[in-house]
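The chain that follows stands alone, in the form predicted alone, written as structure tokens.
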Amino acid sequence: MQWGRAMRLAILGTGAMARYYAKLFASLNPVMVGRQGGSYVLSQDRDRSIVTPEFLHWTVAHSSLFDLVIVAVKWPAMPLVQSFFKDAGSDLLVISLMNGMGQEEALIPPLSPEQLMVGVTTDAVTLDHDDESGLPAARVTAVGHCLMPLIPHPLVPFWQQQLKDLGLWGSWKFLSAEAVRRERWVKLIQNSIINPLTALANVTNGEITRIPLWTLSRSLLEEARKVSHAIGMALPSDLDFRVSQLCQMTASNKSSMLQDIERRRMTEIDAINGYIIRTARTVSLQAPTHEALTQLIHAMETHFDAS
């Protein structure tokens, strides 16, 4: 594919992950779309950068302004994302790196399957206390991989070339749709265990494995494994070890769900544990432990601000 002009890139969201991708792709002059823009500080190891990307509010941003869109919002913002794409043209390429599952159901239509790449990332970024300069801050806690499904969209080769030019080809990997779907299920199950348990216990990822509440992880994993098996999704046999290992690798991290609870914001529980519950029902199974945790998290959200 020949591309005769600069690609117009939008990043939906202004949270921690969106800030990271705005910095990562700064040379492409991305536009952040959200509720509030401005400068922020991004820290990674010993590096500290002040980033001031171009910004558009949801009320004035439109998908027709862009060629490629990276979706990096949390699930409570999905109605805004759906409105953004309501009149999307068929040339648009969309990459979703959201937590949880259900993006296809939420975004097709108005998008077509041929223009939506739903991937999975192991990058980890957390919102930090405001910088000493008074600017909002985020901190990169882990640089991992982004796994993307190959789809027959004409912009994909151009995006791949951009990644090579930026030195990111090794960290952005393009696999078969089935391979990415499997990795998404692995991450979904990891999140369905770590996120709600740490949020309920108000502890870091490393601390959760040392308290009695962690015994629920066995039931959560077994219920999710039965659901995945029923839909033909083969999971790694050592997934229980992987979950515990992830807790230790990210021992000092607060899960995104715990951060939401601390900030009195609506969580992504319905796109994580809720997705497992809904999928279980489609194959005549139950997931009672996932249902119990979902109800408990919803009880904590009762008086939160949904905006």
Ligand SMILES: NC(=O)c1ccc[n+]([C@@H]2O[C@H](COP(=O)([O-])OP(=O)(O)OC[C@H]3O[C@@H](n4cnc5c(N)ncnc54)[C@H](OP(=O)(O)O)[C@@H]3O)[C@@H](O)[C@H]2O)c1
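For every residue, the number given is its place in the sequence shown, counted from 1. Computed from a predicted structure; not experimentally measured.
Not pictured, yet referred to below: the form predicted together with the named molecule.
Task: Contact stretch among 224 to 232, 199 to 207, 158 to 166, 72 to 80 - heavy atom within 4.5 Å of the named molecule in the predicted complex - done: That would be stretch 72 to 80.
TODO: May I ask you to choose, among 188, 118, 125, 220, the residue with a heavy atom within 4.5 Å of the named molecule in the predicted complex?
DONE: By the 4.5 Å heavy-atom cutoff, the listed residue in contact is 125.
- [ ] Name the single residue among 287, 17, 293, 10 that comes within 4.5 Å of the named molecule in the predicted complex, judging by heavy atoms.
- [x] Comparing distances to the named molecule in the predicted complex, the residue within 4.5 Å is 17.
- [ ] Flag residue 62 as yes or no: does it have a non-hydrogen atom within 4.5 angstroms of any non-hydrogen atom of the named molecule in the predicted complex?
- [x] Contact check for residue 62: no, nothing within 4.5 Å of the named molecule in the predicted complex.
TODO: Although the named molecule is absent from this view, report whether residue 263 comes within 4.5 Å of it in the predicted complex, heavy atoms only.
DONE: Answer yes; at least one heavy atom of residue 263 falls within 4.5 Å of the named molecule in the predicted complex.
TODO: Give a yes or no for residue 48: in the predicted complex, does one of its heavy atoms lie within 4.5 Å of a heavy atom belonging to the named molecule?
DONE: No.
Open item on the list: With the partner left out here, check for me: in the predicted complex, does some heavy atom of residue 99 sit within 4.5 Å of the named molecule?
Closed with: Because a heavy atom of residue 99 falls inside 4.5 Å of the named molecule in the predicted complex, the answer is yes.
TODO: Can you tell me which bits of 30 to 44 touch the named molecule in the predicted complex, meaning any heavy atom within 4.5 Å?
DONE: The one in contact is 35.
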